Structures are given as C-alpha cells and as structure tokens.
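Form predicted on its own, single chain, as structure tokens, below.
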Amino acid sequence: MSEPVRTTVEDGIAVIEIDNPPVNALSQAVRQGLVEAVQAADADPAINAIMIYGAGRTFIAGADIREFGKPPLPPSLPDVINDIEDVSTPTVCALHGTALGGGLETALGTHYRVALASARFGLPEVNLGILPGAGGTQRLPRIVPIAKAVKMITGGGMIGAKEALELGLIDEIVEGDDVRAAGVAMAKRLVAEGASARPTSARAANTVSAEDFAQMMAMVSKKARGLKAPINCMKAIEAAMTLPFEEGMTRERELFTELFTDPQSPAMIHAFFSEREVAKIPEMKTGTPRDIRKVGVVGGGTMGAGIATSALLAGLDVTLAERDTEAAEKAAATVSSHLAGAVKVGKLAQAKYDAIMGGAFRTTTDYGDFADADLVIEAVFESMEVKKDVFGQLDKICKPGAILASNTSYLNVDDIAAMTSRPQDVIGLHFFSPAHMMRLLEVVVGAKTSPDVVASGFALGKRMKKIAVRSGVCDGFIGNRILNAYARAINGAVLAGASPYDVDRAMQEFGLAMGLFRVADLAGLDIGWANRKRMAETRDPREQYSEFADRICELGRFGRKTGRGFYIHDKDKGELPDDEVLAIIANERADKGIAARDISDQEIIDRYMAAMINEAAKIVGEGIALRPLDVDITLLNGYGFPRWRGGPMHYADAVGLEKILNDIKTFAEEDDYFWQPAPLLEQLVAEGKTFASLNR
C-alpha cells in the first residue's frame, strides 16, 4: 500500500496530497505524514508555498473511526494542526467534497483556503457527545461571527461553499472539479503577490457582549435537554473570546476530556456506529434489490400523503389512490403542501417541485392505474379486513415481480400476504408519522418474503434517506410492541398513584422531548383505543388492565385534534392538566381497591426502562430483532429516546443488567403477571454478559 501522504513539487509549490480512501480519514499515518511533509517543505528554500489537498471524492471527512475507543497514537491532531499553522511558508488548503470535524480543523490551521463550489463544511463532533478538540472551538471564532460559530459548533450541521465564503471561512470559490489545479493556482498567485503566512491563531477572536452570550447560552441549554456537549462547546467558545489562544486551547482540551470521559459520549458513539451496522442483514448478502422507479400508494391520509411525499423527494414516480375524487384532491393538496414546505426550507428546488406536480405525481380512484408500478405501499385504516381486501385487489392488478407492501403498525404481515398469490413479494414497510420527516422505517419480513424483496426495502429506505431496521412478524413489530409494554408499565404507575402529568414531567427530565401522555394526545387517542379493542378478545384475565384511557375516549376526547384528551388543549393557554382526567383515574383506583401512594420520578423511570428493556430482550431472544442494536436504533429514531443515552439496550448495559432484573423482580411483587423477566435477560445476568456482546 502506498503512503497516505505524498509530496510533489510544481513551480516551487510543494503539493501535498492526502490519499487515504475512502474519505481521507485522519489516521495516525495521515497525521504523521502531514507533519513530516509540511515541515520538510518549510525547510526547503526552493519551496515558495505549500498546498494541501485530498485525493478522491473528498478532503478530510473527519477522524479515523477505526481508532475510536483505542489509546491515542502520536502525533495528536491538535499538535499536527499547530505544526501546520506554525510554518513560515504560506500554506494553502484546497477543499472539495466535505471538510468535516478534524478535516475542517485541519483546514483552519492552514493560512489560506480555496474550495470548489460543491464543497461543504461542518463540525459534527457534538453529535458524538464531544466538541471539536483540535482547536476548532478556538480558531473558528477568530474567523466567523460568534453567532455563526455557536450554530456550527453546537448544532453540528454543515454549510455550503457560498455561505463559507460570505463568512470568511474560505477565501475563494472555484467552479469545476479539479481541486488540485484550484489549490496550485491560488498558491502561485499568493507567491506572485508576495503573501506571507497568516496563522489563524494570531487573529483576535470575534466577540459579543456578555449579555448576548448569556442569551445564546440559555438558548443552547434549552435545546440541549440534558446533553452536555453543547454546553461545553459554549464554554470553549467563551474561552476563545476571553482568553489568549494558548490558554483557550488548554481550556478546550479540559472541556473535551470532560466530555470524552462522560457516559454520554460512549452512548452517542454507540448510536453512530449502530446506525451503520443496522443495514448489515443476511438478506443484503443473498438478495438483490429490485429496480424501483414507479411507486403506488393506497390511501391519502396523513400517513399515505407523507409516504408519497417521501417517495417524490427521493425522485420516484408516484401514483396515489383514494376512494373518491374528493379524497384524492384532498390528498393531492396535502402532498403539494408538503413539497412546497420542502421548497421553502431549501430541500427542494422550485423547478423540481414544478416537475413533480407536472408529471411525477398523480392521484387516482382506480387501482388499475397501479398495473405498471414496481412497488405499491398500502396505507389504509388499521383493519385486517380492510387490508386483506386491498391486497386481494392489488394481487390481481399488479404486474409479476411488483412488490406489495403494507404500512401496518401492528398487524400480521403473513396473514396479509396470504391474501395474494405472491407472498414472496409481500413485505411490511412501517413508516413513522410524519412519514416525510421521520427517519425510521421498520422493514417487516414475513415468513415467505424473498431476500430480494427485503433487500429492496432497505434500498428504498436508503434512497428515502431513512434508517431501515429489520423486524420479524409479531404484533407491533419491534417499536410498537415495546411501546405497548412500557405504556402498560406506565399505566400501572398511574394506577399506583402517579398522575399522567407526573409521568410526562419525569420522562421529559429523563431526556425525552415529550412524555407518554402528551405524545398520545398528539398522535390521537383513538388510534390506541382501536388497537386495544382489537386485542380485547385475546387479553388474559390475569392482566391488570388500565381502563382510564378507554374512559377518556368514550367521552369523545381523542387528544389535540378534539381539544381534550389527557390534557386540555387551549389555543391561547396551551396544554393544561385536566381535573376530570384525574377524577376518572381516581374512580378506577377506587373500583379496583387500589390505595394511591407517592410515586417518585425515579420509580417512574425505573418502570419505564425495565419494561422497555425486558420486552426488548424478549424480542431479541425470539429473533424478531436480529441484535440489541436494532432495538436501540428503532427507539432512538422512532420513539424519541434520548440519543445521549444510546438506546435502551445500551442504557441497560450502562446501569447494569442485574439492576434491571432486580427492578423487574421488585415490580413483580405488585403484578407478577406483567413483570415476568425475559429468559435472555436472566441468561445474560447469569453469565455476566451484556447486550453489547450480542451485537458482534
């Protein structure tokens, strides 16, 4: 293998190429090679300028993930960047693709920066629970305004070349795709102009008033909701404004180390790697994705319109079917509104919107228009009878090889597939609402689903920029089955003495954006009510069934859409607790002879997590989920579980599986029917193993 850093000389310019496929990650060999190449060029009197660029499709896209969790090897990246900045020879960085994390920090250590128009820049370290620890928090505020530095560092997003030029992050934009030529041209021009070295660290940092910074800190703290990295990022930026550069670097290192040794960073790193592992399933090795260009969607309600929008944004041709012309027109208006929103925020060009509405999207009332579809996704009412009828019709109309998918949230995909002559072509594609915004896609694999169809589901998810998770067939699949379990546990806490408002407060303080009952009101209580009625005939008489949600629904109170649910939804005052709900709960306690007691926030969370983890262990043990990481990714991306806790299985490993098992046994003293330990959990505790050991 050739050296990852190579130097050539062109007309007195030392051209240093970084070639470490696929993304020129900052491995130890790259770091060492950069230092040696830059110092050698600086020591050569024949060299008038230095130009650094990346081979292949990108500059440096960040750290080498193969080094994560391992002892650091010298030279450290902060030292490398300091060495680059300290040379007396004018140094240019030519950027293309992405300059992310340590890549952008490296670029900030050079004296001048030129970029191709397609280049993008960002400091995403906050998404791993850390901060830019190689001078990013100290150099960026010396170049761009503080408000922008705060947004880039605490938000972790990317900006384009045009904005980077406006901010002064880069000095020039070049059209075309020859990044090497762009860098050499700038270097030659600097030599001709007699330009000297221009270290970023020598610049005075931009500043804002203490009052303005305090407001920024307050906004970041509110958004962080328990995440420590954004707060430490702000402290580092403050150091850049108030301390000399060297002292600021020392402070940055202290704040970085504090985060790196905190449990939040391993949790977020686990989430990062798991999102890359989750697509590694057996069918991706044995199956070949089918060519999907034309998509049919049955049903134009909230979910169907969202699925259609997501498919259109992915460049697919979409036909949406509704029961009558009026419903079809309403669905078309919804899709148009979604796409117009994408135009407004810059995710869709106006010309592309016009093309979609002028030809790539249409509505119909005739399933016959699906005759040439490659994939049809059913998104009708959650009723087995309705779905069976739809699939029976689709089977007669759709061409051989067309994939028939159900967006069911709970129902048995095998029973649906049995209504067709092609069960091998039937799959569950469970989108989450709003489907054009939510990242999660459960790919539900039936007993007869072919590997090609499974691979197609994952390919579709990738094209739609979603995170696909493989699930086997069971009631509720991975996510909703776990949701039902922890909802039952939380309902038990309410019957024992907590209020829905106690529960929501505790869950939000734990890190969720919304508590269980607020989410239920937002989604619509009638959805869960319909599912509970569907399951009533199979309910075991030993189950301690909580009736208060049913009593609320019987009053026609379905949440936000009706103005009342667990909360009163007042247009002026917002969400308010409802004394009538508390009375309904109190009446149920009295009917069941339950004496209310004080339930601490910690007990609420312990119940929530124990139920979630226990059901997840059953799901993994049964093979519904392939690995614990599949559960984590499902809960992180579909159910609002705080990313900085890594997912329920990672959380269980962190607090200890023995604690979780002991909690279950404690709660079983109150309800030994529901609180039955999963065999897999008991096995792992007995063997001293973790859920993480099953991810390998």
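Residue numbers here begin at 1 and follow the sequence given. Here the structure is a predicted model, which means the values were calculated and not measured.
If you look for the form predicted in complex with a small molecule, you will not find it shown, but the lines that follow are about it.
Asks: Quick check for you: of 659-667, 623-631, 58-66, 45-53, which stretch puts a non-hydrogen atom within 4.5 Å of the small molecule in the model of the complex?
Replies: Result for this chain: 58-66.
Asks: In the model of the complex, which of the listed residues (Lys533, Lys388, Lys151, Lys280) lies with a heavy atom within 4.5 Å of the small molecule?
Replies: Looking at Lys533, Lys388, Lys151, Lys280 one by one, just Lys280 meets the 4.5 Å heavy-atom criterion.
Asks: Could you work out which of Leu167, Ala314, Leu77, Ile173 is the residue within 4.5 angstroms of the small molecule in the model of the complex, going by heavy atoms?
Replies: Of the listed residues, the single hit is Leu77.
Asks: Test of understanding: in the model of the complex, would Phe510 fall inside 4.5 Å of the small molecule by heavy atoms?
Replies: Phe510: no contact with the small molecule in the model of the complex.
Asks: How about Ser471: is it within 4.5 Å of the small molecule in the model of the complex, going by heavy atoms?
Replies: No - in the model of the complex, heavy atoms of Ser471 and the small molecule never come within 4.5 Å of each other.
Asks: Flag Leu100 as yes or no: does it have a non-hydrogen atom within 4.5 angstroms of any non-hydrogen atom of the small molecule in the model of the complex?
Replies: It does: once the small molecule is placed as it appears in the model of the complex, Leu100 has a heavy atom within 4.5 Å of it.
Asks: Report whether the minimum heavy atom distance between Leu128 and the small molecule in the model of the complex is within 4.5 Å.
Replies: Although the small molecule is absent here, Leu128 would touch it in the model of the complex, with heavy atoms inside 4.5 Å.
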